[in-house]
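Just the one chain here, the form predicted alone, laid out as structure tokens.
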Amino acid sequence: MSNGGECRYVIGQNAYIKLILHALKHKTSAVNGVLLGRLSGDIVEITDSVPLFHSSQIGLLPPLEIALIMIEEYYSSQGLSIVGYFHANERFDDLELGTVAKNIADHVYRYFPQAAVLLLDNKKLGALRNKKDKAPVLQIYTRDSSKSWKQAEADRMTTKEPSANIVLLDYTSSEKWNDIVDFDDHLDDISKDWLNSELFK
């Protein structure tokens, strides 16, 4: 299979929640992250995620390259690769996939042609409390044959655990986002754990 045109995407609960908490911690900034996983037949299994940046560094190449090298080194030993990119826009009502997001996604695509981009949908996130929806609060984009990123059908992506949004609501009510560490934080203070290994313990 040459690209993500036919793939389905299944995201694990912890990978999913980590991305959303990162966006909630930095509500007034654009944030981004990468998705880790593997290809299994025509399903991309997203088993983990790493929050990257929340500042003006978000589009700068040097910090991004440092982060990607460290992430790849750590996860390759577990048989996982970078399989996609996550982005949350600065403005609550902005659902456009911008230039910075597309450029980073293109970089990921070069190494993993089935890559997807997940864009936070703040309206879906805001409605969760009332709707109790099981669907991810994300829009999914894949690259088509014209090499541009296009929004895919929402049912192309599911959460592995049906209860992921319920757990997410629990974490948001307890302001669990305060515990999230991203690469910005790690570069400022290398004692901070960008793997967030204690987050769900």
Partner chain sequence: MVSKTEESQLQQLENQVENGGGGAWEYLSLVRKLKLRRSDKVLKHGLTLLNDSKQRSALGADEWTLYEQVAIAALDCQSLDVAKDCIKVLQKKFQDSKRVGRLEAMLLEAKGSWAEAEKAYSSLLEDNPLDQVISMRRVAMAKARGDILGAIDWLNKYLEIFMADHDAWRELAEIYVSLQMYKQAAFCYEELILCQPMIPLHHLAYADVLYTIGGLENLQTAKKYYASTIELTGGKNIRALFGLCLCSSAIGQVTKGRNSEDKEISGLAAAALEKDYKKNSPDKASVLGSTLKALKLN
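Positions refer to the first chain, counted from 1. Every value quoted in this text rests on a predicted model; they were computed, and no experiment measured them.
Another form exists, predicted together with its partner chain; not displayed. Remarks below refer to it.
Quiz item: Which one, 70, 43, 167, 154, lies within 4.5 Å of its partner chain in the predicted complex by heavy atoms?
Solution: Only one listed residue qualifies here, and that residue is 70.
Quiz item: Ok, 100, 80, 95, 128: which has a heavy atom sitting within 4.5 Å of its partner chain in the predicted complex?
Solution: Selected residue: 100.
Quiz item: in the predicted complex, does residue 57 have a heavy atom within 4.5 Å of its partner chain?
Solution: Yes, residue 57 is a contact residue.
Practice problem: Please run the contact check for residue 187 against its partner chain in the predicted complex: heavy atoms, 4.5 angstroms, yes or no? | Solution: Looking in the predicted complex, residue contacts with its partner chain include residue 187, since a heavy atom lies within 4.5 Å.
Quiz item: Is there a heavy atom of residue 144 lying 4.5 Å or less from a heavy atom of its partner chain in the predicted complex?
Solution: Although its partner chain is absent here, residue 144 would stay clear of it in the predicted complex, with no heavy atoms inside 4.5 Å.
Quiz prompt | Any non-hydrogen atom of residue 112 within 4.5 angstroms of its partner chain in the predicted complex | solution = No.
Self-check item: Option from 60-68, 159-167, 128-136, 33-41 whose residues, in the predicted complex, bring a heavy atom within 4.5 Å of its partner chain
Solution: That would be 60-68.
Self-check item: Residues from 25-43 in contact with its partner chain (non-hydrogen atom within 4.5 Å) in the predicted complex
Solution: Heavy-atom contacts within 4.5 Å come from 28 alone.
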